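Okay, here we've got a single chain as structure tokens, the form predicted alone, with questions on binding and movement later.
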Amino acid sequence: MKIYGDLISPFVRMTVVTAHEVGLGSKIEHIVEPVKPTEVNARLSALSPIGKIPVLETDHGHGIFDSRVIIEYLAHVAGNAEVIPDEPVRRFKVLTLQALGQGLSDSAVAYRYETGVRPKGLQWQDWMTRTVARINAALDDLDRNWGDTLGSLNAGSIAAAVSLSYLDFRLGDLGWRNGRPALQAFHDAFSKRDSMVKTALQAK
């Protein structure tokens, strides 16, 4: 199996972290595939009409996307019922936490593009203000309401941990740790996991 995309993308990193956590790390070939927001990547588009990272190419040459589907696929292939539990109450709690972590990354990546990629002078200040508010609301909710689910390994805790690491890497000035001791403690502990160490972001 192959996973395409740069680990700087939190969505790519979530899938690679999951691969390590379910015991498939040695069976996944991670291919760094650069993507530009204004250009078509032919290699990715052959596997996914959306042409966005991450994309997983199965051993049979089929494309699977997006990150949430890839994570479920990896758990299924590995026979792992902890990353996405079968029991309905736990399952939907984990999936909701995963959506929260993914939403945090969505907002953070979009803010990064607005401030770091969009041509100077074209930034939309009202949108930026709203996006930062959305990021802070997600962080507050993670700190206050998700301690139990964050305390175990699952798709939601992976999404949250990777999203927080992306904030450190790209938007450190936001100071997400301020006033959020529970979330900081979670991230400090989760970042020591072998899957996170192996996929740690490196400044370029």
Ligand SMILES: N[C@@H](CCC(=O)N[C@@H](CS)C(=O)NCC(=O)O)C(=O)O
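In case it trips you up, residue 1 is the first one in the sequence shown, and so on. Source: prediction; values computed, not measured.
Keep in mind that the form predicted together with the named molecule is not shown, yet the notes after this line are about it.
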query: Partner contact for Tyr113 in the predicted complex: the named molecule, 4.5 angstroms, heavy atom; finding: yes
query: 4.5 Å heavy atom contact, Pro49 to the named molecule in the predicted complex; finding: no
query: In the predicted complex, Ala138 touching the named molecule (heavy atom, 4.5 Å); finding: no
query: Any non-hydrogen atom of Val35 within 4.5 angstroms of the named molecule in the predicted complex; finding: yes
query: Single option in Leu142, Ile53, Leu164, Ile158 placed near the named molecule in the predicted complex, where near means a heavy atom within 4.5 Å; finding: Ile53
query: Output flag, Thr149, Ala182 and Asp188 jointly within 4.5 Å of the named molecule in the predicted complex, heavy atom basis; finding: no
query: Candidate stretches 150-158, 64-72, 171-179, 22-30 - the one whose heavy atoms come within 4.5 Å of the named molecule in the predicted complex; finding: 64-72
query: Residues of stretch 1-17 in contact with the named molecule in the predicted complex (4.5 Å, non-hydrogen atom); finding: Ser9, Pro10, Phe11
